[in-house]
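Next up is one chain by itself, shown in structure tokens, the form predicted on its own.
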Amino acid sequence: MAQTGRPTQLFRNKSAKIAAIPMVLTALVVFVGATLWTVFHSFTKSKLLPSTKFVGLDQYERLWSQNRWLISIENLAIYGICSMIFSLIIGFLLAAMLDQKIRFENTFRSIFLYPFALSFIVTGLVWQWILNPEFGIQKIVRNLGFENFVFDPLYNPDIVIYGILIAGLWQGTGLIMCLMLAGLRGIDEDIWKAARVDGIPMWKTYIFIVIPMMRAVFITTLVIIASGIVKVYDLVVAQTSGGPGIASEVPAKYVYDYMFKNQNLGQGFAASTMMLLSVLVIVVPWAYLEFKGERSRG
């Protein structure tokens, strides 16, 4: 019976499967094909135009010997770790606050979500003005009488990445808040009632009961945050253009500069391949564990 059931499952919903063929072919050709093409040319001596002259690992050796690339990786790590931690904490706290059925909830929700509607270029320019020591926060505080106050992260190479992080958190935290709020609204009200009857403090209810029940929401949120971290580019260009010097360089900007400004496709392909590899190192084990967990629960 099991053998005769498999062909039946295979040919079920034939119309939907046939309709999905163009999308599958497009994904294979455009995404998989372009990825393989990029990886292949990262081993070649491509300059202004793609070349098939194989040079082995020369592009990668040159890549990892450059201080600019190492700084970009360090900046991405700092930005990524801080962005994940603070986005989740701030977003969850805001969602927990709105979940208390406060007055003007819709107004606050719109205010917190509004920055997400702006482009990264607009956000970067706005925060470039806000953090400018000549007429931004530093100038305002000094006018209040604190003449020794210093706050110029975009002009300090040691902390410039944190100035970019502030702009990123300002724009993206509202979306995280909405995702968390949707998860909180999906928690059964009886759980809250039972916790109150048992005398469990609210913070313990959140940490030991609510948050574990929102595991799927947290995973989705982390994937969204991670996708934005890897491709961070607009904020850096709008705020600092990679400066001071190369202090705020990030991998996406490195790839863009080498491919379109320096006309060195091979080096740009090598850098983009390393970005892809870093994503795979994180995503593949996570996907395997998730799939294995689903099978064990099934």
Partner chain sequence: MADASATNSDVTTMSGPRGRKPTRMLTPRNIMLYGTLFVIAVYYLLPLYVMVVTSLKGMPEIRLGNVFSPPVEITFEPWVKAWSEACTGLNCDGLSRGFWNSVRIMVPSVAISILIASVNGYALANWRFKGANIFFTILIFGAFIPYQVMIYPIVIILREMGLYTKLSGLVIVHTVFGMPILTLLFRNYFSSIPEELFKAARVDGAGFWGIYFQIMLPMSLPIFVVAIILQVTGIWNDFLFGVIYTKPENYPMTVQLNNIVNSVQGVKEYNVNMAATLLTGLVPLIVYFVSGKLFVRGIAAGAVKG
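Positions refer to the first chain, counted from 1. All of these numbers come straight from a predicted model, not from anything done at the bench.
The protein also exists as the form predicted in complex with its partner chain; that form is not presented, and the subsequent description refers to it.
- Its partner chain is not shown here, but in the predicted bound form it comes within 4.5 Å of a heavy atom of residue 283.
- Looking at residue 247, you'd find every heavy atom of it more than 4.5 angstroms from its partner chain in the predicted bound form.
- Among heavy atoms of residue 262, none comes within 4.5 Å of its partner chain in the predicted bound form.
- Mapping the unseen interface onto this chain, residue 71 falls outside it, with no heavy atom inside 4.5 Å of its partner chain in the predicted bound form.
- A heavy atom within 4.5 Å of its partner chain in the predicted bound form is found for one listed residue only; from 85, 200, 191, 78, this is 200.
- In the predicted bound form, 113, 114, 115, 116, 117, 118, 119, 121, 122, 125, 126, 127, 128, 129, 130, 132, 135, 136, 137, 139, 140 are the residues of 113-140 with at least one heavy atom within 4.5 Å of its partner chain, listed from first to last.
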